[in-house]
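Only one chain is included here, represented as structure tokens and corresponding to the form predicted alone.
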Amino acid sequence: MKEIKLFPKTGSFAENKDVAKAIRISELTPALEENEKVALDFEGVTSATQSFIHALISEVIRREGVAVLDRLKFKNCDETVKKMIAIVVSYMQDTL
């Protein structure tokens, strides 16, 4: 399983969607294309914007379908981050 630690790239507030897009393109998508499972580790991240989470995972869900969620693990998420992930996942399920 590939682990992507977000805190070193985002700090405690994950808000920059350009950073999220870069993580998606350089780390997340290549790992998924290799059929790896991926753990997105939010340790130290105390908040994230909806736009950050959307930029991080929505394109992957759009391209591969909701089944890709079986290969994604969201680690060390606090309640705020969990809520943002749930909103984006729900939105993406509704649009497919």
Partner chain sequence: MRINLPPGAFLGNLDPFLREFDPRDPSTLTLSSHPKWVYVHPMVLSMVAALSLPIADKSKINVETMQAKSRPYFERMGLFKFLGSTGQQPVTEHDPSGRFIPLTRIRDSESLNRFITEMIPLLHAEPERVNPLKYVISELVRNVFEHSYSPYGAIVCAQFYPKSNSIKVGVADTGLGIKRTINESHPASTDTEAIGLALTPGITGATKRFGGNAVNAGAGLFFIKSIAKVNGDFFVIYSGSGMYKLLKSKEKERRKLYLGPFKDRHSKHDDFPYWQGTLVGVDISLDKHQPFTALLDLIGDTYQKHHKKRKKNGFKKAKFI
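Numbering follows the first chain given and starts at 1. From a predicted model like this one, the values you see are computed outputs, not experimental measurements.
What comes next is about the form predicted together with its partner chain, which is not displayed.
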item	value
Glu59, Lys73 and Gln93 all contacting its partner chain in the predicted bound form, non-hydrogen atom within 4.5 Å	yes
Leu28, heavy atom within 4.5 angstroms of its partner chain in the predicted bound form	no
Interface membership of Lys37, its partner chain in the predicted bound form, 4.5 Å heavy atom rule	no
Non-hydrogen atom contact Ile23 with its partner chain in the predicted bound form at 4.5 angstroms	no
4.5 Å heavy atom contact, Val45 and its partner chain in the predicted bound form	no
